[in-house]
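Before any questions on binding or motion, here is one chain by itself as structure tokens, the form predicted on its own.
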């Protein structure tokens, strides 16, 4: 039963090869995107540290994304 499913009437090689290529491509794309996002978040945090206290509070008060980045970074440290 399982062997028949894997073979798929002779098309199993193509189906499973295609499936594995797509899965691998999605994994690579996800990892590259995650790496790029972390780089941008770290760059943002460096720029945020350069600001004065007033400018920092203004930037954090106006942006929920900035608050999330700061919160995520504080959890990692």
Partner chain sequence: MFKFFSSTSIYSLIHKLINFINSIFFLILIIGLTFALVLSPPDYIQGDSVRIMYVHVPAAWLGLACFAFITFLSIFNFVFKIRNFYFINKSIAPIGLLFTCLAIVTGSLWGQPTWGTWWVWDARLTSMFVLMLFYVFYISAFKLLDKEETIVKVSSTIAIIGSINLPIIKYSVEWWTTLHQPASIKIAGSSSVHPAMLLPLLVMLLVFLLYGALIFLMKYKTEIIRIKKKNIKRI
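Residue numbers count along the first chain shown, from 1. We call the rigid core whatever largest set of C-alpha positions still superposes within 1.5 Å between the two forms. Remember, it's a predicted structure, so these values are computed and weren't measured experimentally.
Note that the form predicted together with the partner chain isn't included here; everything after this is about it.
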item: Heavy atom of residue 65 within 4.5 Å of the partner chain in the predicted complex; value: yes
item: Contact of residue 22 with the partner chain in the predicted complex (heavy atom, 4.5 Å); value: yes
item: is_contact(residue 17, the partner chain) in the predicted complex, heavy atom dist at most 4.5 Å; value: yes
item: Heavy atom within 4.5 Å of the partner chain in the predicted complex - qualifying residues of 29-54; value: 29, 30, 33, 34, 36, 37, 40, 41, 43, 44, 47, 48, 51
item: Residue 33 C-alpha relocation of at least 2 Å between this form and the one not shown, rigid core basis; value: no
item: Rigid-core frame, C-alpha of residue 65, shift of 2 angstroms or more between this form and the one not shown; value: yes
item: Residue 19 C-alpha shift between this form and the one not shown of 2 Å or more, rigid core reference; value: no
